[in-house]
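Read the single chain below, which is given as structure tokens and is the form predicted on its own.
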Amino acid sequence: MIGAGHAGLAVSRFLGGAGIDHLVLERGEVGNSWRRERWDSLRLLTPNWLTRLPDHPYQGPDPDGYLSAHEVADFIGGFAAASRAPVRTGTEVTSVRAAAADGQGHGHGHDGYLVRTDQGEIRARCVVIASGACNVPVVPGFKDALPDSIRELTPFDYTGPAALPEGGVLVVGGSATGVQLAAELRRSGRPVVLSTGEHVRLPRTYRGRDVLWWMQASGVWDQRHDEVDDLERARALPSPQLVGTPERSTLDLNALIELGVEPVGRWAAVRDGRALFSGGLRNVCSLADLKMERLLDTFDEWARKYADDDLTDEPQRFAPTRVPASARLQLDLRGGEIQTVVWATGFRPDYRWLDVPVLDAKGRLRHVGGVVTDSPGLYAVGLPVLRRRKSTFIHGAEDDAREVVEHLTGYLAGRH
């Protein structure tokens, strides 16, 4: 097992239950990314009552609250201790390759895998990749054309507004990360421009319940990977525009506009020191509004059929996104209006250590529900829509881990 985050530890729990000898390798400490790679104010998008791992539910005093990053790390650490996971911390994997039957690590046929680490080499019949989906920030190639006067940050670099230079900020990306950072920076008194393309708009609450209660209750989150019409697109969708606050407030573009954030279209290019934005802002906002309405229709249909009597709140609908009549199409990056660019443009896994030919032309792992194709005994967990729409959320790890371990157990028994 590579990675001692929530997904890897969930797999470890089921491997242990199946009596399969295994080891969990972790480059840092348990829950390392939550401790080392998150900004100070970050909280989970999911409410605490939904935060659970196998036989390890949240048991704190605030079920309707949202855990901070350090609280998430402590929760994962508590699960590792409770499940007695065989974790070896401070061990960085440098190479995984197929082990040839002659033990030399070459040839087409293989007998398990050779896992090289900075602490030595391990031979394993199976390897489960649980190193995460968000290891490396993805930024557009034209970033190199920005003026030298502009400071650039990714969410891995960002800690809070106080660490940024004075002046305006251009936040790029309309996912949960982008809208949260735009709101925090605007509340600090800075001028903020938010560049967004396709995004997922959601209200924080709907008909008196957290919107993620509806995702859970209606079965939307349990939709399987083999039931999704366009799986590649579903896996590429940005995280929904949500934030976890005590007020359970909605943080969509309308809320940002009320704060004074200026929305613009997708950043398309840099030319002569000017940022050029797409003119499609109105279209992407209309699409996000339409998809939200369809999702709310799904919730309402489920409620008519199955909801308990205590669900008395009536259906709601929300105002369309208030797109500016004439959103800016360009911005002079040399004029002093913008001092900092924050790239909230997504992440990708880091597979530089994976010396097995299982990546596609875009560097993505080829797998079917976490079973890596073309390399028997290699598995993955914790990736978007791995087996269900909820796969990357903490509570989504349990079902995925159980089924991946079922396949792995069958493989070891010679059934696959």
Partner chain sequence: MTTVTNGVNVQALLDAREVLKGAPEAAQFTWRASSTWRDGVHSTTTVRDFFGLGEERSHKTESVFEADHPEVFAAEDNGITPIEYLLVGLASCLTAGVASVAQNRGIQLRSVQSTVQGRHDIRGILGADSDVRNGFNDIKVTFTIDADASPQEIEALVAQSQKRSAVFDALTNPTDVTVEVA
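Residue numbers count along the first chain shown, from 1. Because the structure is predicted, anything quoted here is derived from the model rather than measured.
Below, we turn to the form predicted together with its partner chain, even though it does not appear here.
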Any non-hydrogen atom of Glu258 within 4.5 angstroms of its partner chain in the predicted complex: no
Taking any heavy atom pair closer than or equal to 4.5 Å as contact, tell me whether Asp210 reaches its partner chain in the predicted complex. no
Although its partner chain is absent from this view, report whether Ser278 comes within 4.5 Å of it in the predicted complex, heavy atoms only. yes
At the 4.5 Å heavy atom threshold, is Glu198 in contact with its partner chain in the predicted complex? yes
None of Val264, Ala124, Leu164, Ala268 but one has a heavy atom within 4.5 Å of its partner chain in the predicted complex; the exception is Ala268
Heavy atom within 4.5 Å of its partner chain in the predicted complex: which of Arg322, Lys143, Arg233, Arg187 fits that? Just give me the one. Arg233
Within 4.5 angstroms, counting heavy atoms, which one of the listed stretches 71-79, 153-161, 284-292, 176-184 is next to its partner chain in the predicted complex? 284-292
